[in-house]
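Just one chain is shown here, as structure tokens, and it is the form predicted alone.
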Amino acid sequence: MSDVCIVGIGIHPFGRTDGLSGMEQGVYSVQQAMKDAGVEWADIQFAYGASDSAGNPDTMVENLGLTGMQFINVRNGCAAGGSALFSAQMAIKSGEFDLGLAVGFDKHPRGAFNALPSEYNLPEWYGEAGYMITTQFFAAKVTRYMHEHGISPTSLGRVAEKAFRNAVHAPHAWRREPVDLETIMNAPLVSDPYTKYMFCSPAEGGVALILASEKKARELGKPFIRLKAATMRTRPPGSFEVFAPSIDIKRGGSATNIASRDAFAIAGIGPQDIAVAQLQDTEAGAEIMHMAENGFCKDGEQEAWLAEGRTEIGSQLPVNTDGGCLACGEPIGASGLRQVYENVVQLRGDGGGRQVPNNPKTAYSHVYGAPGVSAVTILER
């Protein structure tokens, strides 16, 4: 079977854009992606769109054109964008279509996400007791992980410091000023051990990717990136996930373990073959935990990796080259697609001051969401 290819990418900068709706930011990203691919809206045969709180993506046809095309909405927590991409590549793999769109956008109000217990099959008391507050959950989870695997608070700070330093060179990022380690470590606590610089913020933005069959990509005549694998998986027994009201005595793996394992199997390569990776980092500890969950190191090895700078641009495995969620913020529908956008930029060699050296040929992205869903992609040039 021939590969599914990414032939066009578009992004609306992340952050806060007063006066522009999330939908309009999504439309902008689609227009940019079509321009990049050299196609018109009438050429697009189908779309999968992701948004959590900025409206139904399919309604963007009002702005793009009423062609009657198939447009399906996807909602999968923070993994919504990755799920939209997974769905789009399956539509092309099936042979039903040869040119389609994956788009994600959002515009969250200022403040924390307001998740509702009923959306996750939990009783109302669970929210009334404060357990739906994600900063508390992630702080508790990483505290346990740090205790079990010898990770220091300084490692959390190093992840955040790297994010803001990388984002200086990413035009689409929200926080584009470096923050030194001492400032990060001594900033006000949000939920111990996390200071305010160690969490991402709900944000705004849009990302669009144009996908094509290999045959169609060659017809378009532009350079393209091969989507070697796209997986989306749910949690196994014994996993420890967002909004989990308890932990199983017999601990299991995670949705990320499964999505990562299957993506590598589909692509026919291993973690050692990846040149650049974007890992879900809604908080600094997530990047640390996900380094191991995606197979790039063993639990506990992150301490040495970060102290030695192995995840820096130009080192062993550059991670979150555009600053990740920490610097870009998280518009839920767009976030997973931003990672893939950044990987395409890197594989094209268009990263500018954040470009990974030595002509990278493979790129990996991972997005994770409540209540335990994960999506992984592997790209190859």
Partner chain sequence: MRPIAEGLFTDEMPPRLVGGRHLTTGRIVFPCPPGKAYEPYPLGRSGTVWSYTIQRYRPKSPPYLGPEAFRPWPVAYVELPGEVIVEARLTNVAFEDIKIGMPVELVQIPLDPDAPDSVLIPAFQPVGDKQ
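Everything numeric in this text was worked out from a predicted model, so none of it was measured. Positions refer to the first chain, counted from 1.
We do not show the form predicted in complex with its partner chain, though everything after this point is about it.
Asker: If contact means any heavy atom within 4.5 Å, which of 286-294, 104-112, 306-314, 266-274 contacts its partner chain in the model of the complex?
Answerer: The contacting stretch is 104-112.
Asker: Would you kindly say which of G253, P171, G300, P245 lies with a heavy atom within 4.5 Å of its partner chain in the model of the complex?
Answerer: The residue in contact is P245.
Asker: Just one of S213, S191, N73, S155 has a heavy atom within 4.5 angstroms of its partner chain in the model of the complex, so which one?
Answerer: Only one listed residue qualifies here, and that residue is S191.
Asker: Hey, in the model of the complex, does M90 get a heavy atom within 4.5 angstroms of its partner chain?
Answerer: No.
Asker: Is R144 close to its partner chain in the model of the complex, meaning a heavy atom pair under 4.5 Å apart or at it?
Answerer: Within the cut-off, so yes.
Asker: Looking at the partner-bound form in the model of the complex, is M185 within 4.5 Å of its partner chain by any heavy atom?
Answerer: Close contact is absent here: in the model of the complex, M185 is far from its partner chain, nothing within 4.5 Å, heavy atoms only.
Asker: P123: heavy atom within 4.5 Å of its partner chain in the model of the complex?
Answerer: Contact with its partner chain, yes.
Asker: What I'd like checked is whether E128, Y131 and A140 together line its partner chain in the model of the complex, meaning each has a non-hydrogen atom within 4.5 Å of it.
Answerer: Heavy-atom distance to its partner chain in the model of the complex: all three under 4.5 Å.
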